[in-house]
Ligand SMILES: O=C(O)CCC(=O)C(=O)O
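What follows is a single chain, given as structure tokens, in the form predicted alone.
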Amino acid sequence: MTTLTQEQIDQFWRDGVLTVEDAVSAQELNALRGVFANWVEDSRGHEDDYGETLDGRARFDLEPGHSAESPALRRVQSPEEISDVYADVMRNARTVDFVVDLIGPAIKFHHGKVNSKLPGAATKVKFHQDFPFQPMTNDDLITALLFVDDVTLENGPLEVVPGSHKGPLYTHWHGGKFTGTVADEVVEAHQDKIVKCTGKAGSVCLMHSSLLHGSAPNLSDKPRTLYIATYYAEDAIELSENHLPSTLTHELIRGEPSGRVRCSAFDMLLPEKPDDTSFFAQQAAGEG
């Protein structure tokens, strides 16, 4: 039995993106908010990125300008490792059913993170595609961006280019650096096709890993927090080092092991894993 309608499934494969309401229950949403609020409160006591993930990098990523008076916690790496609430949503929310409808029946967990733009935070995500960060033998990878807050036109919504997942994989290497962003001319060529993804808290935006996307800073007085979990078809195998490794990476979330590998054709330069806390630093470094 499917959870998405055939119309929704067709829309996803046509556009590479689909927003669905009520991806989590009110109880799950409140629990996610409560845990993140505690993390923001804790961040007031830190001046630099802190915590530690599986590969030794910091877990909590602070926006430049962060302070105790004006906290700007912009990312939490692998929240599922340190929160039963996030781990449960990653495994059991309706979001998982949606992903199974699209690339199932068997799916695995790739990585998770919280991206947040607190009021006044300057965080901007330049346009990029996810697949060049995480190439696998096939491209059945879906990023599920769960809206922990209402996402509006003013608070830095996801911006996408519908249908771009069917186009080329653009290089994210510029001047000998892996910048984590496509060239300016690529964005300019698609400027008139960009769509902003908004919705009420509890909705999820399902996004194909090859879709061109980015987001603007939060210019409102409302937060914009997303819990982002990436899933992939069980018959795909990683071709480069995971940028956000965790103890839960490659966990089988639904279905049974097939013992098979499936390949799709593509050609791209391998990515470079960031030395800093997250790819925000890679994009900032690319500005030079």
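Numbers follow the displayed sequence, beginning with 1. Quick caveat, the model's predicted, so the values are computed rather than measured.
Separately, the form predicted together with the named molecule exists; it is not shown, and the next lines address it.
Chemist: With a 4.5 Å heavy atom cut-off, would you call residue 78 a contact of the named molecule in the model of the complex?
Modeler: It does not: once the named molecule is placed as it appears in the model of the complex, residue 78 has no heavy atom within 4.5 Å of it.
Chemist: I'd like to know if residue 130 sits close to the named molecule in the model of the complex, meaning any non-hydrogen atom pair within 4.5 angstroms.
Modeler: Yes.
Chemist: I'd like to know if residue 108 sits close to the named molecule in the model of the complex, meaning any non-hydrogen atom pair within 4.5 angstroms.
Modeler: Taking the distances in the model of the complex, the answer for residue 108 is no, it never comes within 4.5 Å of the named molecule.
Chemist: Taking the shortest heavy atom distance, is residue 165 within 4.5 Å of the named molecule in the model of the complex?
Modeler: The answer is no: residue 165 has no heavy atom within 4.5 Å of the named molecule.
Chemist: Given a 4.5 Å cut-off on heavy atoms, tell me which of 26-34, 39-47, 63-71, 225-233 is the interface stretch with the named molecule in the model of the complex.
Modeler: Selected stretch: 225-233.
Chemist: Which residue, 204, 89, 158, 142, is the contact with the named molecule in the model of the complex, using a 4.5 Å heavy atom cutoff?
Modeler: It is 158.
Chemist: Pick from 125, 148, 118, 186: which residue has any heavy atom within 4.5 angstroms of the named molecule in the model of the complex?
Modeler: Result of the distance check: 125.
Chemist: Need the contact residues for 253-267: heavy atom within 4.5 Å of the named molecule in the model of the complex, sequence order, or none if there are none.
Modeler: Read in sequence order, no residue approaches the named molecule (within 4.5 Å, in the model of the complex).
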